[in-house]
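Taken one at a time, structure 1 and structure 2 that follow are two forms of one protein chain, written as structure tokens.
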Structure 1
Amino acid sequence: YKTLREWVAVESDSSNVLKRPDLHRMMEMAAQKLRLMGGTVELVDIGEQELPDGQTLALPKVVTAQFGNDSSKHTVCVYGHVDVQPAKLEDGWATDPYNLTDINGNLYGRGASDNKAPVLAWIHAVEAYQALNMLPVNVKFVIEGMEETGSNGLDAMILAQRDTFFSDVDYIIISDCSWLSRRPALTYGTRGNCYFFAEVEGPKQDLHSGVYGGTVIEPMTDLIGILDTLISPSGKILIPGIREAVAPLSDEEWKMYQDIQFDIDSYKNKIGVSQLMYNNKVDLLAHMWRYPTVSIHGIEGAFSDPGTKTVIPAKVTAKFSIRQVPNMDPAMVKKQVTDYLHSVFAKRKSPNTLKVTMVIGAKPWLADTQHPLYEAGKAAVKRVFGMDPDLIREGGTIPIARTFQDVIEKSIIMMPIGGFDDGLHSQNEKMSRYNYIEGTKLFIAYLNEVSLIKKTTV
């Protein structure tokens, strides 16, 4: 816990430019830890980031490390990150978010579960094998410091090192996710994300509703009108072509969802709602993981301060996103959304102008649960926990998985050790002592199982 306490104490918040020195120090600490274990360690410079005001700021270096280079063994690459989401005591934390606090076997602190303890668990797993001088596979680490803000610079670094650092990698392991229940899980899919701005512009400046209300066609009314055509009250996406593109739910998949441990009532209590979109487990999980969704996030340019203001905004921009699932293509979704919104807008016969742009187009990721990597995962879970894992997907997006898949073209497994109630990105984030210790054992067992996978000659 000493190392985890030291790591959690560093405010490595990648979204706050004032904390950038802490982030650089965090990367140096991770590198030093790996150096002391005898790894071949590099701090890779990935350049600078441009801030909205035009200034540039150095990105935190990416730490790469290598343990073992026996060509007769498999080489696995473990990816993790040591940057965190913002956290302040006054946000509603019961303890200081940057002082790891042990309460009833739970270790509370920002970044404990996402992703500092999992990264350390991997490091401790390798350390244990090093001490016994019997590392069963070669292990490489890629540890970054910008994951929470979109992994700036990492794609280019992976591409640049594809034929050097990554050339001998057989498998990639990501442990940046959580279990769904108290049962251990292996994650085999994530949704992607297409994020849109829809901007409606009218008069050349904001107007007073008393003076101009009733004479001008208001951009805000147009915008709300077209947003309302994206999705029905029951959650059905109304944009033509999107639902048709989704991979159909197979019988095996339905059965997998049926077997998963998941309690709808505790899920409702956790988020504080009385009713969900679906009231049976399979439908709910399917819509969380393998169907697309439209979410409207906000409207820029609208009046949102406390109090009253009788303004007609001249220009408003809606922010909304569509989670991507297999068989959907972001380029196609961009066209479908743009064409649909323009056709809906045209029917309004408004003199205002509409501009639709897609600012993020992250693809989904899906693995084969019958792959030897997952068979090894099932065996390791069985060995450490005495039960079969739940095979689950993530509703969110981990874009780096797709980058690894597309650039390095190797198989990936996501192996979480975080608990379902760890509170990632939320107040009182924690990693339970049980998950931290048993998770480290799981990683130790897993490296052994992977070493038993037959080497295939291409």
Structure 2
Amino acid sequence: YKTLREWVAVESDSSNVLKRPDLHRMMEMAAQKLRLMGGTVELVDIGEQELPDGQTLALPKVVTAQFGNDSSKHTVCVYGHVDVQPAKLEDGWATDPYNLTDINGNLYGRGASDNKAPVLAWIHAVEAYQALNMLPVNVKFVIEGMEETGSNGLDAMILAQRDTFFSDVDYIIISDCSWLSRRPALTYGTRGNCYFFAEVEGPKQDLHSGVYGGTVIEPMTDLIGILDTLISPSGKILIPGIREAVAPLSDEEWKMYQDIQFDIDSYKNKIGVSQLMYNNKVDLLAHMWRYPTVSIHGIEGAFSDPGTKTVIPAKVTAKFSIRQVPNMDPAMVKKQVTDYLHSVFAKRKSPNTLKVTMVIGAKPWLADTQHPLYEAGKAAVKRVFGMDPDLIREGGTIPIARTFQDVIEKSIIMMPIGGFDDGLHSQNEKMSRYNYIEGTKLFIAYLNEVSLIKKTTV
């Protein structure tokens, strides 16, 4: 686990502009690892990002690599990312999030499961075949560093290299997701995500709540007021047009969800709640995978430290996101949310100003589970784990799946190796040694199964 430990030690948080040097270093480390294996490696410059204040910042380069170029073989392209979500010890981690710690067979650290260990498992799979000098397919890698904030710049890079790097790619493989239970799974769909900032600005600076309270229309009160109109206590999205756009649940889907292994009690237990939004399996799976939802993540600019502060914050910015499913369209959602919040805000007759921005707009993705790529996946799971995989969807977002589908027009499979309890994006994220090792074996078996797909079925 030496390489994984080195990778986790890098605080490659793509959402924090101050950590950008660490992120650049992380990309260089990934490239160097692939170079030492003898791959044809490039660090692709994808330009700059514009920050909300108008400044620009260099994006982390994208790592591409190629192993083998035998045109008689299939070429798979493994996508992964090595950036991570924010994590601080004081958020409630039991161990330093950037010091990989092995406790009872689990490897704890930010990015362990999302997505550094899966990337390394693919690398180890290639190394295993290299040792035997018998790689059954050509393997390419695309490793990015902006996944956690919306894969800024990657779409353009894929488009630009569609007829070069990607021209001979037959299949795309993504392992940036998790199993649903202890049973291995193949993933055939993901939700997209539209992430919004709603900023309410009033006084020119923070005010003493004793001295000014009662005379000022407080931005925080306005913001709370409009946030409270997004979703009902029973989980109903109140923004007009959102629910109307969602494809109805088909009888086939209902039947399929019924058959999936999913234990409500252990799910409740894992989360630590006494009651969920729905109390039957089908409703839960459907609302996890194929219905939209609103989450309010927090408020920037208000008082968020421990203790007390008697302040009227002058400018407060709520962060919330809406998960996207077929047939929602992010451009439409942006308009629906913006119009709705402005209309709700206007009713308050507040002199403060509201600014709504959509900072991430990622589409959902859906694949055909009868495709040979999935049949090969089922065979590989059967070989390594001795059982059939669950066919599942992912509530989270892998925006790039949609881009690969639209731009490269090649088939995609998502093959998770992370456990259902890995704690992605939360405290004490981990990857178990079992999943890491068996996952590497699965990837080895899968490359062999893919090599057996008839060339014509692409």
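For residue numbers, the reference is structure 1: its sequence is counted from 1. C-alpha atoms forming the largest set that superposes within 1.5 Å between two forms make up the rigid core. Just so it is clear, the model here is predicted, and its values are computed rather than measured.
- Working note: structure 2 is the copy from the form predicted together with another copy of the chain; the remaining copy is not.
- With the core superposed, Glu253 shows a C-alpha displacement of at least 2 Å between the two structures.
- If you fit the rigid core between the two structures, you'll see the Cα of Pro136 move by less than 2 angstroms.
- Core-aligned CA deviation for Gly298 between the two structures: 2 Å or greater.
- With both forms fitted on their core, the C-alpha atom of Pro240 sits 7.7 Å from where it sits in the other form; this compares the forms between the two structures.
- Aligning the rigid core between the two structures leaves the CA of Pro203 offset by 13.9 Å.
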